[in-house]
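Consider the single chain below, provided in structure tokens and representing the form predicted on its own.
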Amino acid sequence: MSEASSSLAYRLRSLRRLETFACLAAVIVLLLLPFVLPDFYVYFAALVLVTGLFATSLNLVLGYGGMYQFHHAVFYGAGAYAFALMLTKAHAPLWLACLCAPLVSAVLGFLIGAICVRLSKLYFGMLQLSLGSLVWAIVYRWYSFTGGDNGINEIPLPNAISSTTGAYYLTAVVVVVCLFLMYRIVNSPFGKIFQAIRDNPQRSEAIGVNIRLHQLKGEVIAAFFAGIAGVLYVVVEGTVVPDMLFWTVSLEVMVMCLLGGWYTFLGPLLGAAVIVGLRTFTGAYTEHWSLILGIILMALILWLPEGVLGLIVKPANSKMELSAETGRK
């Protein structure tokens, strides 16, 4: 084995050890937060986790699949409404509502995806935006079933998760499990093919990859995890409103992916923490917090087009690729 190959192997082992240590440290921090922070900050942490899961589900198809997902919020809101309606209208057990709500989002993702994957890039995004807006309009106007613009309030939740601490721990556990599953999906053969379609769809199709089928699968998977995020939002907030399905929410979560780094796995989490923090803390002092967000976004486009984590990850990957190429020579 050459010196360059040995150096590359050592860097990869060091990176894996660092990732393992960082994951363990993050889990410990998540477990200890309710013991050291007031209830408001525990609630804030839970909201960041929910939004981070939502943003990461979008990044599956946006960053890794290259699909113009302009209305991802429709799956987020569908999961939240399905969960709330099963508890308030059908009086279903909590476990059944938790299982069925993400499946409703996945089915909706399949229906919308089956129509939209016939198109590509911008046309895909515009058609999906139109269909998502249609779903929002139905929810917004159907007063007898969804509550219309009033939403659904006073959702019955067990005492164990109705408190701030209980909701936080449930959210933390579910988000960690979902992130682990999505990480495995991204690094699976399906995930690698998905990224190949993003980078070069013509070459992928030439070697026999069914592009539409893989994009449809990605759409369903992303919708499923967005539905889980919608369920957790109801647990944390105790209510659901039709604004969750509005297109501006999709735009906001897309900004989270761009801000953190849409070609990185943890970038959307970082972007969610920044956006939710701006909305929560800056919004307490001014109604124009979106102006600050706009300035940050302009600076991001000019100086960090690949996001904050993208700036860190890309040079590291480039160095490892260069070392591998040198070793092969």
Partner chain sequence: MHLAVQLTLASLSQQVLVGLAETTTLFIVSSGLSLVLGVLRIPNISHGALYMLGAFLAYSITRMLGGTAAGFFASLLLAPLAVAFISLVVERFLLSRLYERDHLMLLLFTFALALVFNDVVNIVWGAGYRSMQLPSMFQGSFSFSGLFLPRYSLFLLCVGPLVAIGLWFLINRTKIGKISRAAAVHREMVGAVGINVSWVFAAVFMIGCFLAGLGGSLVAPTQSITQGMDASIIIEAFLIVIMGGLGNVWGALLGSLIFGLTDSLGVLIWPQFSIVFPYAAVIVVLLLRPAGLLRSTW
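None of these values were measured; they are calculated from a predicted model. Numbering follows the first chain given and starts at 1.
Same protein, other form: the form predicted in complex with the partner chain, not shown, and the subject of what follows.
- Site annotation in the predicted bound form: the residue of 241, 258, 98, 87 reaching within 4.5 Å of the partner chain with a heavy atom is 258.
- Of the candidates 165, 195, 204, 133, 133 is the one whose heavy atoms come within 4.5 Å of the partner chain in the predicted bound form; the others do not.
- At a distance threshold of 4.5 angstroms between non-hydrogen atoms, residue 184 is out of contact with the partner chain in the predicted bound form.
- In the predicted bound form, the partner chain sits within 4.5 Å of a heavy atom of residue 290.
- For the chain shown alone, residue 110 is not a contact residue for the partner chain in the predicted bound form, no non-hydrogen atom being within 4.5 angstroms.
- Under a 4.5 angstroms non-hydrogen atom cutoff, the partner chain in the predicted bound form lacks residue 224 among its neighbouring residues.
- Shown here without its partner, the chain carries 68, 127 and 142, all of which come within 4.5 Å of the partner chain in the predicted bound form through at least one heavy atom.
- Considering the partner chain in the predicted bound form, the lone stretch of 231 to 239, 172 to 180, 119 to 127, 72 to 80 in range is 119 to 127 [heavy atom distance within 4.5 Å].
- In the predicted bound form, not one residue of 144 to 166 has a heavy atom within 4.5 Å of the partner chain.
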